Ligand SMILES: C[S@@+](CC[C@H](N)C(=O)[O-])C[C@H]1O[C@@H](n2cnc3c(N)ncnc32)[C@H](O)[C@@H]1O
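Just the one chain here, laid out as structure tokens, in the form predicted alone.
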Amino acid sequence: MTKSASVTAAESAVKNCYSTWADSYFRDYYTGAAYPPVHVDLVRRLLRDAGTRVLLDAGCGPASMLRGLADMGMDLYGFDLTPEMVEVAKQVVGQFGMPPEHIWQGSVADAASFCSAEMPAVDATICVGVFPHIPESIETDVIGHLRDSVRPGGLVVVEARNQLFGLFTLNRYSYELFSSELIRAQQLRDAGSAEVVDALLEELKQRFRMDIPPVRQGKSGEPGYDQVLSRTHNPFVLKERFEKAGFASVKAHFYHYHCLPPMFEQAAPELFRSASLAMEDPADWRGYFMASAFFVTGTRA
């Protein structure tokens, strides 16, 4: 697949964003985060239940997830878009006795990136932290690449940010969900007076905490996470796309629950953390609204 100019620009911005993050990403999101990385245990269970022997991590970052899987006896491989992330990942897997050739630079937009001369047939492919940065125009292609990367009957595990969480947060995410997906503001403008619609949308903003969450910026002048393409996904829609791509047994698994809208965390941090952790159940229907992230899993037919 030849990349369009917009896809190339999006990838360039993402590489720039993560270029200064390689040394601290694992610490920031896996060991030093206020909320523990419950998704690691979820991925471990999914891979164990699937009997995975050969695993590919598409978008492995600095081997963040692979570090938590290294003790499971699997043959591990991975690639990432950002050169700095790849360099750190090679160093990390070397500490586990893995050849550095098991890690390479690549893009989920390129089918060739999912292949390695040294890699046997893949039992499972995981893709964590990547889908927010994939332009919607190529998402179907990327899902196809993931499907084709595993053997027939193999498992694909994709993580995404939960768009429906915005129905619970009462903040900037809520306004974005209301205006772009539910109201579809541009269509409303086209159907009537743009000035009237814009005035109503400004009034709608007053119902939400538009100052939170704060926009995440870069460390050294590069764009931050919220300044590059960082989409959320509707779990119903993403499941449907997996089914249309030929996956079987497609399921959504929710994680990182919030017992209250996030704005209340500072008022009772210990209660917020303990009660949220107690909610962690990938199959709880409340996850559609009270969990900020989810995995979609499916097997190649």
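Just count from 1 along the sequence shown to find any residue number. If you're wondering where the values come from, they're calculated on a predicted model, not measured in any experiment.
Not pictured, yet referred to below: the form predicted in complex with the named molecule.
Taking non-hydrogen atoms only, Val157 never approaches the named molecule to within 4.5 angstroms in the model of the complex. Interface membership of Met85, defined by any non-hydrogen atom within 4.5 Å of the named molecule in the model of the complex, is confirmed. The named molecule in the model of the complex is approached by Gly106, whose closest heavy atom lies within 4.5 angstroms of it. With a 4.5 Å cutoff on heavy atoms, His133 counts as touching the named molecule in the model of the complex.
Considering the named molecule in the model of the complex, the lone stretch of 269-277, 235-243, 46-54, 59-67 in range is 59-67 [heavy atom distance within 4.5 Å]. Think of it this way: in the model of the complex, the named molecule has a heavy atom of just one of Leu146, Leu81, Val93, Val122 within 4.5 Å, and the residue is Leu81. Residues Tyr18, Tyr25, Tyr30 are the members of 16-32 with a non-hydrogen atom no more than 4.5 angstroms from the named molecule in the model of the complex.
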